[in-house]
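The chain below stands alone and is given in structure tokens; this is the form predicted on its own.
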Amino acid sequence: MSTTVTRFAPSPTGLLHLGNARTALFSWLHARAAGGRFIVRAEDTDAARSSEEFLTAQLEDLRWLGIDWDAGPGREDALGPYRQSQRGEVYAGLYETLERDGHLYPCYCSAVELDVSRRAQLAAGQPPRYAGTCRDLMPAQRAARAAEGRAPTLRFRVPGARRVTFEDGVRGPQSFEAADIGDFILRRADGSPAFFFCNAVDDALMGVTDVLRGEDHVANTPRQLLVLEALGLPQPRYAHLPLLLGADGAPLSKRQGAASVADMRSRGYLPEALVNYLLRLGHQGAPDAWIERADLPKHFALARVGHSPSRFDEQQLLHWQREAIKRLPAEAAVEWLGPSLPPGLSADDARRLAQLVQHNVIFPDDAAPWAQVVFGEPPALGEADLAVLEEAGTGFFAAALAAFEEVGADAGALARALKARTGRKGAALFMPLRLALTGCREGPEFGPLLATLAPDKIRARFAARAR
């Protein structure tokens, strides 16, 4: 196929974590940069751990990030279904083909027997692999084991004297001795397909040309290439991405709740910030400047993905969060701040507050104190702040009240009028004003703040300090 087709194949057994989100993003970018197709496939054959709730959450996280798919759950086409739990008939036919051609055999070894064999190999300094115990059983021996009630797995018969090679799109040429791989399971004892099998054949049957996935899958690739070769199915190009590490140096995983996309969303991170950050994790060459979502594919190239693991740095993410906030349209800013706005706030007041604090907050929760300042009462002052007000004196605030009555909420005019009355200027003028009005030394620009506060509140707060 000339069209580039990539996929993201999550297992719905947990929340979407940032490592998988980056894989999904890179796969999507690779397809979009080539004008190709991107599909999503739910690898939900683990019935005990998979759940519809997790799949729904993962798909919603992808949509939130702006990662759309051309085919997948909810967008089926002739190559689906895109849930592996619904592809049993497809797999059954392929198992029959492999058995007929001598590539599969039943294995009756128990978990205990396999563990004993593995321990013995490790003790002898050998790499652990299946010892081939059931590889050449005679029909009568198989029948005897079946009569004992042993449910067999199906193992792939790995050819011994050959090498399996492929060109990794990130790591370059890769080569494996088939003899070191060992016969591996393609169907579990309960009849469910193993990852090596369904992951590989679905890529081939769905027309996937390029598989981008974590480098922890490198050792899986020769096994999957052997399966596809045995079935005469097309083999995709593989590109194994370096791992994404947490602050502790351990790989990010589904079990680290703080590393999930859902957690990032709940904390108030913006999707544009996250994709701008993820693009630069392990991928070189993107400009230092902000990239709009529509332009992201123009700045991605698989050749610029590095080999070394990348460490998640929340300080870097916060930089892109600030950049994203700067670019929020007014209505979007109101929606983003919504959970932190006081209940019953009018639409006009919500817009005024959003415009006031948008460039002074990083998360929606940061706006809550300013909502209290604007619509409620400022926080109590500490000793140092009270000292600033005392040094300014009650006469300063009496003059501030008089100046406000004269010029209103024009910050420049107020400052000039107050300077003329008191001789103060700069920080000596603005700091006591800010503390009296907000209870804070820092915050939104003074002009917009003055324009946002209700006139009655300004009068009351100046009058309280003039007494």
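Please read these numbers as outputs of a predicted model, since none were measured by experiment. Sequential numbering from 1, following the sequence displayed.
Keep in mind that the form predicted together with glutamic acid is not shown, yet the notes after this line are about it.
Enquirer: Three residues, E215, L241 and R304; all within 4.5 Å of glutamic acid in the predicted complex via heavy atoms?
Expert: Zero of three within 4.5 Å in the predicted complex.
Enquirer: May I ask you to state whether T153 is within 4.5 Å of glutamic acid in the predicted complex, using heavy atom distances?
Expert: Contact with glutamic acid, no.
Enquirer: Whether A9 contacts glutamic acid in the predicted complex should be assessed with a 4.5 Å heavy atom distance threshold; does it?
Expert: Although glutamic acid is absent here, A9 would touch it in the predicted complex, with heavy atoms inside 4.5 Å.
Enquirer: Is there a non-hydrogen atom of E43 within 4.5 angstroms of a non-hydrogen atom of glutamic acid in the predicted complex?
Expert: Answer yes; at least one heavy atom of E43 falls within 4.5 Å of glutamic acid in the predicted complex.
Enquirer: Considering non-hydrogen atoms and a 4.5 Å limit, does glutamic acid approach F195 in the predicted complex?
Expert: Judged by the heavy-atom cut-off of 4.5 Å, F195 is in contact with glutamic acid in the predicted complex.
Enquirer: Consider the chain as shown here, without its partner, and state which of Q321, S260, N276, N199 has a heavy atom within 4.5 Å of glutamic acid in the predicted complex.
Expert: For this set of options, the contacting one is N199.
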